[in-house]
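Only one chain comes next, encoded as structure tokens, the form predicted on its own.
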């Protein structure tokens, strides 16, 4: 007799597949790790800011003790930066943790969660993981159709995920459109506004989502230190919402979910404005270079407001994997997105100038021969 453990909705989950690490590609293709270019995971190509490295070194002497479970100093720094009380802030082991906790805090098994087609894979995983019902709203021009998402709300809808900018497509929703959307969402439906890439937005596109949190008690803004702040390996994310929501999150949040080194590094990175400015400038420069190359090659791409570009590399459903394999053989790691229903496309993180040039050269060679 065969016994199947776990609920059927958990067994049906396809595990999240991360970007290939450099060491794995080196082993698989017999390449020199030092010559491999990784543009797969939307990491900051500048790495960790020196200010954060110094803060970690100073905090290392405390590693024999548990972290501050309430992260008083980090929450105080976030409170001062964003002008909200500390009890409006919840910390996560990366913003991925925040998204998962929010789903479990706001939604019961069988209730509905709404998210857009071509939006972050974790929304689907979080929905499946708690046995909720997914309402996937078709995308428009690879981005969110907010009117259709409003129309999709049912009596049992309890949560809507909105990513801005969106991953993996890079699309952006203008502030006034988002505000009008929030005005119309019923107050018993929570909205998670996932702003993992908001630091890459130019000044003319920015809006004040923290002010919206003060007006909408059902809004939670999620952000991360993994992208522009350069702390991907430390896993620090945070949510800002009114206490009714943060109280629920903190009932489910694991104790000590942000470690001592991560807390120290996050405080330093939060206050390192020079590093953020350098990051944004490098990203804008790299975006121009990649899109110029795509234009020259006659490749379709989605205009992006993140630190990555989604580019179409063929017309058949094997194109993404085929081109990706040839790039891997040349030591260039990008992200195939067939799991998002985009098998003809690749997502390319914007890297350092030399990394971008290595990718462009490898892509040109691949397209000329495949």
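Small disclaimer: the values here were computed from a predicted structure and weren't measured. Residue numbers count along the first chain shown, from 1.
The same protein has a further form, the form predicted together with a small molecule, not shown here; the description that follows concerns it.
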Answer range among 227 to 235, 170 to 178, 209 to 217, 131 to 139 for contact with the small molecule, defined in the model of the complex as heavy atoms within 4.5 Å: 227 to 235
Spell out, yes or no, whether the shortest heavy atom distance between residue 239 and the small molecule in the model of the complex is within 4.5 Å. no
With a 4.5 Å heavy atom cut-off, would you call residue 96 a contact of the small molecule in the model of the complex? yes
At the 4.5 Å heavy atom threshold, is residue 123 in contact with the small molecule in the model of the complex? yes
Partner contact for residue 265 in the model of the complex: the small molecule, 4.5 angstroms, heavy atom: no
The listed residue (115, 106, 88, 197) that reaches within 4.5 Å of the small molecule in the model of the complex by any heavy atom is 197
